[in-house]
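Below you'll find only one chain, the form predicted alone, shown as structure tokens.
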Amino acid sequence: MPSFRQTFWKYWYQYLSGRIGTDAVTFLNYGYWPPEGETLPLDAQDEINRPAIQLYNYVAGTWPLSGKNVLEVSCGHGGGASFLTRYHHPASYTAIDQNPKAIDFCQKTHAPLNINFRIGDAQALDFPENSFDAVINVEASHCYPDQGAFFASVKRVLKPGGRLLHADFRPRDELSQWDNDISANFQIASKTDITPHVIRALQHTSNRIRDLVHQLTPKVLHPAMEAFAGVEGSSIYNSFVNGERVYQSFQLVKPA
């Protein structure tokens, strides 16, 4: 039986996808703003999503994806899949999400890119062993009720020596468990606290995201949605600023 946590996130994200409808909201992450600023060359149509794209570019940029078979777990509305396919040139890209509305959105919005979007469970990946060179997982694992099962499942579908390129946040008192779940399955090639760069990204996007929240949701939900989106002054934003939550990026290796 699904846990309350799993059920809540399942229906919360379906609600978001339903509210967004046909609006071109293809990213649902907090973003990343590098110390060097806007140095990543982007096509004009991608500039509006620069902070969110910079997060994917930072996470995926720790290991070259060109010519690799890549799986993204919890792809959301597919913005990251689109960016990585167009800019990092993997041989193949498969992207799963448990939200059927999000997958339907992805299949329609990103159809020209030949990405294999499909419904899937992050904790029980439905692929053969040793299928992928790399797995991407950005700002999603905090929603999983059994994070140990997620890491074990990713390990199973990765080829020996393959990489899990992973970024997410946790309350500070959950960091040890996060490390334990990772270390039980992977060798850590790199681990970086990127909280300050996520805060800077939120500062860049807060006005736009607040406007979207007010446009797409009823007034009674505005405080909850602003917190969920991490806009400046919200409880989530403040928790990053005061150190209650930590955002980290990892390059993890399946032992050969």
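Quick note: we count residues from 1 along the sequence shown, nothing fancier. In this text, all values refer to a predicted model and were calculated from it rather than measured experimentally.
From this point on, the text means the form predicted together with a small molecule, which you will not see here.
Three-residue candidate spot 27, 72 and 98; every residue lies within 4.5 angstroms of the small molecule in the model of the complex by at least one non-hydrogen atom.
Checked against the small molecule in the model of the complex, the residues 115, 157, 182, 143 give one hit for a heavy atom within 4.5 Å, which is 143.
Only one segment in the set 83-91, 157-165, 182-190, 116-124 has any non-hydrogen atom within 4.5 angstroms of the small molecule in the model of the complex, and it is 116-124. A residue is said to contact a partner when one of its heavy atoms sits within 4.5 Å of a partner heavy atom; residue 138 meets this definition for the small molecule in the model of the complex. The small molecule is not shown here, but in the model of the complex it comes within 4.5 Å of a heavy atom of residue 56.
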